[in-house]
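Listed next as structure tokens is one chain, alone, in the form predicted alone.
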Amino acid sequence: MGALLFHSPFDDPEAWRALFAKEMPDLPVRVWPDAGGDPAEIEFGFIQSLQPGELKKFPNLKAVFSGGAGVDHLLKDPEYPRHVPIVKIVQKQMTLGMTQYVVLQVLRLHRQQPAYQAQQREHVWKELPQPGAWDRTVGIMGLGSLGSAAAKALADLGFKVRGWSRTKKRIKDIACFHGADGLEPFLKETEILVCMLPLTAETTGLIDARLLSMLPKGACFINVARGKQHVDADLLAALDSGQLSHVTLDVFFPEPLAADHPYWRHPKVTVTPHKAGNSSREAVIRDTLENIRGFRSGKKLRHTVNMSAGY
């Protein structure tokens, strides 16, 4: 029986190894760079990030599980063995965590919490005009499993919700737009924009000055996807000009965010440390091993990536 290669530079590998062993004792776990004596023993990978060209060294690799919600860190490897499927982490707890974060941040902006916090610092008692949720339009960019769940939750709270995706989607109670032709109509009435897109060549740098100019003046922006999708200088310029009134960012490039970055001290920026889609190790490992057991018994792997589309 083969082994699993684990690599995550941001976590304690021994904690992960112990949990894998508890759930599936007959699956040896090798922690990179120790892949064991024989590269042919490696059957699966659980990879958060790895130097390009490393995974091609394992001739019997059957599947690689992404250690996060995105898969761009694997697809950017020009030497990745394309016959080996990449499996996304699509886990109920992660979806719920992401939905909670998006709802929290949208409500925080909708109910003007940043403005009230600023007033508190100045000892100002002043009521601010408050539109109803039914008069506020929230736009979700990316209508995959995470984006769709967040869109539905916001619609249930009474917001006018619209979504944009690369290809056509139909979701009950959500006005759906798609493709290049649908982008400007989607943006022109979006007062709170949420980026939940996968990172691809097409979405890298997508949130730039041109796109932000299509939003209503004073709109807000939330990014829970990838830091490479927004252009830092353009976000800061839009905040300073008043085109954006607030930005909430959970993702950055590079990470962690540098201590001297302007986002830390900007009064109209909220920073969180890439924890929107919070999910426990135990839940992710159980889902991964359930997929592996099914695969070994002859079933197809669940949640595989379309290599051409990039997600």
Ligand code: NAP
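None of these values were measured; they are calculated from a predicted model. Don't overthink the numbering: it's just position in the shown sequence, from 1.
Keep in mind the form predicted in complex with the ligand is missing from the figure; the text below concerns it.
- Residue contact check for A151: none of its heavy atoms lie within 4.5 Å of the ligand in the predicted bound form.
- Taking the partner from elsewhere, K160 is found to have every heavy atom lying beyond 4.5 Å of the ligand in the predicted bound form.
- The ligand in the predicted bound form is approached by Y311, whose closest heavy atom lies within 4.5 angstroms of it.
- Contact between E43 and the ligand in the predicted bound form is not found at the 4.5 Å heavy atom cutoff.
- Against the ligand in the predicted bound form, the set G70, L143 and R226 is in full contact: each member has a heavy atom within 4.5 Å.
- Of the candidate stretches 202-210, 230-238, 127-135, 74-82, only 202-210 has residues whose heavy atoms lie within 4.5 Å of the ligand in the predicted bound form.
- Interface residue among L187, C220, M98, I174, judged by heavy atoms within 4.5 Å of the ligand in the predicted bound form: M98.
- Of all the residues from 161-198, those having a non-hydrogen atom no more than 4.5 Å from the ligand in the predicted bound form are W164, S165, R166, T167, K169, M196, L197, P198.
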